[in-house]
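Two versions of one and the same chain are coming, encoded as structure tokens; call them structure 1 and structure 2.
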Structure 1
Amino acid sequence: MLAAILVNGLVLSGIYGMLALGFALTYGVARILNLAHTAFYMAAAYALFFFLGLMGFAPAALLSALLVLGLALLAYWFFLEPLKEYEATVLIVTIALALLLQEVALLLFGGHFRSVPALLPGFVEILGVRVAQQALLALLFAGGVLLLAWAFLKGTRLGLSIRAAAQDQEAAELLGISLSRAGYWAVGLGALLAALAGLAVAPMATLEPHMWMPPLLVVLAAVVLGGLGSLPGALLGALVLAFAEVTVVNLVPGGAFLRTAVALLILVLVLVLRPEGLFGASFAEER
């Protein structure tokens, strides 16, 4: 049982980590609480399903990621950047965008469950646990993506600019960093991470137009747990929530029905006990 929790927790941590890092980047730099973030994840999974009928997996995945990236940048350019000073309006616009993507998926693909064939069918035994090879591939993929994203943010001039804008926008402007340019890069990188999470999940999950909602709650809880705007905090929050979810599913009778409730419970507890999150600046410091 412990081995099952470890293996499945790592796989889920990778998926949630990509989503949470993208969400935290978008909020930290562009100052947009993007409730459509996981709708991009859903759109990438459906796009992969569609393009696989026309071409092989690699070009289909590449086209799907580029499609979502373009969609996110267009939405930011047309709707979100001009409105980002109005937080309530941005929330309404992003939830409307998520619902629009959901309705488009419903119109194009119907309400039927869809599936994407696994790249690596079959199972292997690890620590006495039977694990799908596709899940291991998803774990390696997520780990590689997160390492590349972190190397980009830590080791490149542009990445340093994005991190500086996420930590302190006034200081970043004084250093000559363009917040507008950093915002576009952060939104693009955030959407790309959401799309890659969707591509990793598609061969393991059932595709349906509402599949973006449960991950959105987990991502919100992860970034609040880690501290809004904190990139390491978002990753740690995703890790904690993934293992909490897998533990409940494996140890609690009927736990599969409680997985979203666990994320919400952790979200509420964090807001009550430590509103600034594990790595966020305290409200007293901000004042």
Structure 2
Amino acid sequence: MLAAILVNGLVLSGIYGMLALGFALTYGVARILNLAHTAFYMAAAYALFFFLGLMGFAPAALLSALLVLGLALLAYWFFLEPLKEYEATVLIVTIALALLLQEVALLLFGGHFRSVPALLPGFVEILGVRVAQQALLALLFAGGVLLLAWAFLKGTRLGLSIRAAAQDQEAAELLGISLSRAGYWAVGLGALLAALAGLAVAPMATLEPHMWMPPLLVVLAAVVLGGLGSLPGALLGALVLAFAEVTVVNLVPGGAFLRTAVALLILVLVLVLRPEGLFGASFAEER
């Protein structure tokens, strides 16, 4: 059972981690709590499904990622940047954006369940646990993407300015960093991470217009657990929640439906003991 928890938990962590990092980046730098984040993930998965009917996997994936990136930057330019001082309004606008994407998917593809063929069919056994090869591929892909994102943020001047904006906006502005430019980069990078997560998950997921809702809850929880705006915190939050879910299914099979609820309970307990999350600044300080 321990092996099952370890292997399944790790695979799930990779997916949650990719989504959570993009979300944390968008909030940390652009100060936008983007509830449409997982809708971008859905849009990428549907775009991949559509383009695969016209071309091979690599160009279809590239086009899908670019489409979502363009969509996110347009949304930021049109709706979010002008409103970003008004947090509640931004929140509502992002929800509206997510619902709009959902309805567009419903209109274009209907309510039917769709699937994207796996790049790597079959499974392998790790510690006696069956794992789909596609899931391992997604995990490797997630790991690679996260490392690249990390290298970009840590090793480039642009990454430095994005991180500086995430840590202290006033100080960053005093040092000559354009918050607007950093915002565009953060939103773009966040949406790209969401799109890449969508591309990685699409061959294992069931595509339907409401598929953005369940991961949104988990991503929000992971980001709050890790500490709002903290990038390593978001990854750690994703890891904790993924392992919590898998542990519940294995230890309490009759309560498998409670997997998300238990994960959220852990979040509440952590916040009671450490309100700022595992890696974050306190809420009072944030304000």
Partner chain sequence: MGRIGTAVLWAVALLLGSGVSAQTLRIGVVGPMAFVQGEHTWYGATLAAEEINRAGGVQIGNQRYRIELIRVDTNEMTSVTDAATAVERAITAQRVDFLVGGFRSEAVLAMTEVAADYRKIFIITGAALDGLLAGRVDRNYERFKYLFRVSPNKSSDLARTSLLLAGEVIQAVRQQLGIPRPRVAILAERAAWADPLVETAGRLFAAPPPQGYGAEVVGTWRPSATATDVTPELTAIQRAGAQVIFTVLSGPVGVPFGRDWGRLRIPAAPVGINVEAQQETWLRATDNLGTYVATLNSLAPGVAITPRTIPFISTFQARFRQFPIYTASGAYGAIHILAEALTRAGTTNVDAVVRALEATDYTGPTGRIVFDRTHDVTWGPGYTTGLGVQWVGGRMQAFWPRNWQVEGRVVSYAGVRPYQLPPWVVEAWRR
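Please read these numbers as outputs of a predicted model, since none were measured by experiment. Each form is matched to the other, and the largest set of C-alpha atoms that superpose within 1.5 Å is called the rigid core. Here, residue number means position along structure 1's sequence, counting from 1.
Assuming the other structure does not fit, state which one is the form predicted together with the partner chain.
Number 2 is right.
What is the Cα shift of V272 between structure 1 and structure 2 once the core is superposed, in angstrom?
Residue shift at the C-alpha: 3.5 Å.
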